[in-house]
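In the form predicted on its own, a lone chain appears below as structure tokens.
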């Protein structure tokens, strides 16, 4: 019997009862073809590759991460709860040492879902990686986590959730936001004042191929991970960088994804995008599984794969090197700049407009954070939409100092309802999640 070098856990959840439309790229066939390929290759017969069933997450799992408007059940279906539960099941299996590596092959995806949720953005309602991570932190005491997002679209939701968290490194490589949804993810986006530098973005030009992705891995991702020293590495494993994907413009391959996975060696991978249902996903997913398991993936390739035809131009290679140099300059400069921000103290604010492309909702946000030298800082957000919903939400971080806890509780308890429909509290330190509504 063939044996895996790394015992690897898999969860499959195709979400048979959830699709945006029968012909939409984000539909159940995304995983059905992969399941067929896994069975055909006999991967589940390999000694050391184990299948787990998804759990169903509960309300507190969502409330650790999101402010859902008007509540959790209004913006989720059972499929969303099971998709996030698949990631949670794989994460638990890794932390309990039942397996060394885990891969959640689940849908619906999640990395465009931000802290505040009014509906669906980029096919995402709730952020399945963040829900898994915050559960693992509470259940197993995990502290420093790195998320490496390799989806072709910038993981703006994950970036938003961890913008003010110095213990979570968010590192994304993606097609340049000037050419693809959601239009964000540029090198100057480095995190909030108390977590400045722990957001890293590497935008890549269209037509980037295997050599470009692996160059970023070796010259940015691995050095940054070595500096950050995470306890856990999560790969948001979007597969829409593939050369056959219908909604992107990149030239990655199944071999490239497998090599990236082998070199990155994440503890847990969670499926995100990838919409070439027959031409890419079965091959890419098999390659990733074999790489996680420490097995030979050299024969995994698409029928029309031609490395020479997919090579990027020398101009693209030069551009990527310059972007990587700039990103690493930012990484080196960030600690001193963060110290200057902490010395300044006070309260900083930012305002944003967010578009929910899937549900056609326009949201405005006004955020303020206490810049605190003793903790990541309490922060609040006002959010209102063109549908007439307006909320005020307070987040007290896991490591909040007593002063910031007191400020957060005062904001929550004393903010009047004059302008708001709901006032939320997300107290991660004391594990209290509640809301106030007009009587």
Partner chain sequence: MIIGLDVGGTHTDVVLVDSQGLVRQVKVPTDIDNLFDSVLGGLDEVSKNIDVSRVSRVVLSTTLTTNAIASGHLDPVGMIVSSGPGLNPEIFRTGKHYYCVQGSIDHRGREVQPIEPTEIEAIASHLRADGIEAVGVVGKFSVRNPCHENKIVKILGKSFNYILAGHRVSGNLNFPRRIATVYLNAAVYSIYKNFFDAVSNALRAKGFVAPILILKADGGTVSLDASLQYPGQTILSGPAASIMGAVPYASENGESIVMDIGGTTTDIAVLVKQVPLLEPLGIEIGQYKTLIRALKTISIPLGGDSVIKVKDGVLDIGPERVGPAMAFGGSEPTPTDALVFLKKMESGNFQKAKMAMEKVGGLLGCSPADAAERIFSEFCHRLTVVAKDMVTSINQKPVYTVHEFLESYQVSPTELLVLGGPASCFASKLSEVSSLPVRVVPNARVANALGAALARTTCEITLFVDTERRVASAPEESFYKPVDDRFSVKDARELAFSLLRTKALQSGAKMEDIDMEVTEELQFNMVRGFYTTGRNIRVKVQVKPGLISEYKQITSTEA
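None of these values were measured; they are calculated from a predicted model. Numbering follows the first chain given and starts at 1.
One more form of this protein, predicted in complex with the partner chain, exists but is not displayed; see below.
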Is residue 332 near the partner chain? Define near as a heavy atom within 4.5 Å, in the model of the complex.
no
So, in the model of the complex, is residue 414 in contact with the partner chain at a 4.5 angstroms heavy atom limit?
no
Would you please decide whether residue 213 lies within 4.5 angstroms of the partner chain in the model of the complex, comparing each non-hydrogen atom pair?
no
So in the model of the complex, does any heavy atom of residue 252 sit within 4.5 Å of the partner chain?
no
Just one of 47-55, 62-70, 387-395, 372-380 has residues with a heavy atom within 4.5 Å of the partner chain in the model of the complex, so point it out.
47-55
Though the partner chain is not shown, can you say which of 320, 82, 260, 145 has a heavy atom within 4.5 Å of it in the model of the complex?
82
Of the options 173, 290, 130, 99, which one has a non-hydrogen atom that comes within 4.5 Å of the partner chain in the model of the complex?
290
Counting only non-hydrogen atoms and a 4.5 Å cut-off, give the residues of 22-42 close to the partner chain in the model of the complex.
22, 23, 27, 28, 29, 32, 33, 35, 36, 37, 39, 40, 41, 42
